[in-house]
Structure formats: structure tokens, C-alpha cells
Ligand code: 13P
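In the block that follows, a single chain appears as C-alpha cells, in the form predicted alone.
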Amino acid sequence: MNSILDSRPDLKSRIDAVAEVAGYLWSKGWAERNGGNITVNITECVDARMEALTSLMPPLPIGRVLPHLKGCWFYCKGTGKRMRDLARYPMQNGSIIRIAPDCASYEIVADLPVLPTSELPSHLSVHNYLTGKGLPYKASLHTHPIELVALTHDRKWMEKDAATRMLWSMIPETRAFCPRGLGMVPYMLPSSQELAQATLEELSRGYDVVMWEKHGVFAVDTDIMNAFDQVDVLNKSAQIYIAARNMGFEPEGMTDCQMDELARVFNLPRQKA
């Protein structure tokens, strides 16, 4: 079967990266069953031949109007699809969609009529915000990192920037590679409009990674690998913290002076007030 990826190396590279990340999520135990979602803005990979493609099925409503996404294209994990399957067969377990001119509906264009994730409205709302702000972020990732989710079962880590300060202090790389820290959203119904709005509010405060209490993480970045890397580094810090606690002591962590020095030398953003 012909694929939209044929003779389009840039587009294939983007989808291959999604498949690679999907494999990492599964191997880490962060994507049980059909858990997690990935949505990537691929508009810059679109050529004239793609623009001429017709929809595989009638347009479907998004459920909201997203004016900054008019004519944009996305690759989305399919609803009910497993990350372990997407890693092997990304075009059978995801779809390429085009936002219609009305900014309120979308068309599935390739390769198969795979319905996108049920969380598509939330993901697209985030992309609408990012595009409207002129930010370079093209990828959104939702996954269930075990140790980070475990932290949210302790109320003290849900306080503003409490988890950020602790995670930064576990290892210098976390402060360096996740310089904006971790936004926190209290438990809300998965896939709900309330959860999507709360996530947008945390992103608007400057966070690139948002923790959903007792659920998972939502991350945005310039590409899907960078989004994964941020979550991976943060979860490594959570693992270090939990390992120290399992050894019977509270980890000392880096001091404020040490982290301030790191921020100064590497020109990192300062922690939010």
C-alpha cells in the first residue's frame, strides 16, 4: 500500500521520531494498554501534492473553534491504539489530519481512516495556544511516568514549585535540561475540558511540562524527542529521590547556592515566584 510518507523524507523523519518515542514510552512502562497520546504539528512538511489530497471520510467536529490552526496539519496517535503498536506501525495506529477552513473541524487525510485520540480537542487547544503565541513548539506528549505520578500521591509535592525545587536539586542535569520546572494541576477528570483549561493555564505561566495529579504528565517542546527528554530527565530525578528514601534517608539535594550558580553559568531561566 502506498503511504503519504513515500518520497517525503522530512515527513517520514517526523513520524519515525514519534514511533521511536512511542517505543521508549512502552519500554519504560509509561504507556500501559492504550495509555498516553502524541500530537505533532507537521504543517511545515506539507507539499502541494499533500494539499491536493482528499479526505478519507467526512469532516469531523473538534468541539471548539481554534482560529490559529486554520489549515494546519497534524500527526495524531489513534484512539484506542497502543504505543507499542504505534512504535512498529505508526501509520496504522495514527492518522494525519488537516484542520478545515472553519477552524472547528478536521479531515483525516492519510494513510488510513484511523480516528485520532479522544483527547484531540485538548491537544489541539494547546497547539492553538502555542501557535497563537508564536512559540516554536510543534509537539505535545501525554504519558504516565511511574515515579512522577507516585509523587503526586503525597500532597506536599502538589504545592506550587515544591516538586520542581526537589527534582532540580537531585541532579544538575534536571535544572539544566528542564529549566522551566514542572507545573502542577490537581486531579480532574481525564479528557475533560476542565483539565485542558487548567493545563493551558500552567503553560501560560511558562511551564513546558505539566503534572496531572494521580494521572500523568503533559509536555510540549519543539519536537517530540525533546518533549520526551524533558519528562525522562524529570522522572530520573524522581527515581533518585525515591531510591534515597528507600535507602532510609531524606536526600540532601543541591543547595540553593549551587542551583543559582548553575542557572547563572548556563543562563537558565530563574524559578518563578
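Counting begins at 1, following the sequence as shown. Here the structure is a predicted model, which means the values were calculated and not measured.
Not pictured, yet referred to below: the form predicted in complex with ligand 13P.
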item: The single option of 107, 111, 119, 202 touching ligand 13P in the predicted complex, heavy atom within 4.5 Å; value: 119
item: Heavy atom of residue 236 within 4.5 Å of ligand 13P in the predicted complex; value: no
item: Residue contact check: residue 80 to ligand 13P in the predicted complex, 4.5 Å heavy atom; value: yes
item: is_contact(residue 37, ligand 13P) in the predicted complex, heavy atom dist at most 4.5 Å; value: yes
item: is_contact(residue 142, ligand 13P) in the predicted complex, heavy atom dist at most 4.5 Å; value: yes
item: Which of 71-79, 127-135, 149-157, 170-178 sits within 4.5 Å of ligand 13P in the predicted complex, heavy atom basis; value: 71-79
